[in-house]
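First, one chain by itself in structure tokens, the form predicted on its own.
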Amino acid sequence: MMITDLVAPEAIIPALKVNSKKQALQELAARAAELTGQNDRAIFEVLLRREKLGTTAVGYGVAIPHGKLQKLDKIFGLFARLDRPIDFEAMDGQPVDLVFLLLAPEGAGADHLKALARIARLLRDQDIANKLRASRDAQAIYSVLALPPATVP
């Protein structure tokens, strides 16, 4: 599974201006709603419910908020590079500036987990994360996300 299977070029926000985790989730939900035709409030509620179980910040300045929606027909991803880092209650205490939103249909099961694992692997790669942080426009960010996965020798 390639990241480009999950996120389209129009689903990239190169410099999202937010001041809090809640505001970030609201903005991401609104953008996801525009692109999927889903209800932004429903998306926001799903993301909030997931965050209440525990933060989706995975460390190193990265968060992967995610959830499942009944009416969604395929896995959907949205990537945002934040204008400035925010507190996302990460276990390592680091503020977050790279956010990959993942939404999946209710019955996605293993595909949802595979997508989450793939995103986490990609964004934990410090070289990739640094390239994403250095990219200033959506096309540059998409090009970094489209890089083939590094092979482990």
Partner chain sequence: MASLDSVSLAILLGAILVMAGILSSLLALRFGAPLLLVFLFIGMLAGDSGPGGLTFSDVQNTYLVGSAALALILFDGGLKTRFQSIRTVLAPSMVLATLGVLLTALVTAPVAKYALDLNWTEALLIGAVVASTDAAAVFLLVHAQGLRLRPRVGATLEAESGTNDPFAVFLTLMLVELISVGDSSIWHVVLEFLRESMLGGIVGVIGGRLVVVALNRVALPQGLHAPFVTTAALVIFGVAQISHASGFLAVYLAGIIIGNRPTRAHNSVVTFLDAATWLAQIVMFVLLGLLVSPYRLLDSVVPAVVVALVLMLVARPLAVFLCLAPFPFNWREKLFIAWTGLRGAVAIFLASIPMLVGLSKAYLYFDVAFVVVIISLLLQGWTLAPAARLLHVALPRADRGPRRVELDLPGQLEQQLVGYAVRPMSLFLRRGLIPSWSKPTLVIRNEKILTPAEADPITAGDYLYLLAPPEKAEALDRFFVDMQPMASPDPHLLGDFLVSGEITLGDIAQIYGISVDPTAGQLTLADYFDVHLDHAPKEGAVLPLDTIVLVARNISEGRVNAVGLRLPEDEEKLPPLTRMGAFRQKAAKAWSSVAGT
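Numbering follows the first chain given and starts at 1. Everything numeric in this text was worked out from a predicted model, so none of it was measured.
Quick note: we don't show the form predicted together with its partner chain, though the next part is all about it.
When contacts are judged by a 4.5 Å heavy atom cut-off, H112 counts as touching its partner chain in the model of the complex. A residue is said to contact a partner when one of its heavy atoms sits within 4.5 Å of a partner heavy atom; A120 meets this definition for its partner chain in the model of the complex. The shortest heavy atom separation between H66 and its partner chain in the model of the complex is within 4.5 Å.
Residue contact check for Q38: none of its heavy atoms lie within 4.5 Å of its partner chain in the model of the complex. Taken together, R50, T55 and R124 are fully in contact with its partner chain in the model of the complex: each brings a heavy atom within 4.5 Å. Here is the short version: of L98, I86, I128, L116, the single residue with a heavy atom within 4.5 Å of its partner chain in the model of the complex is L116.
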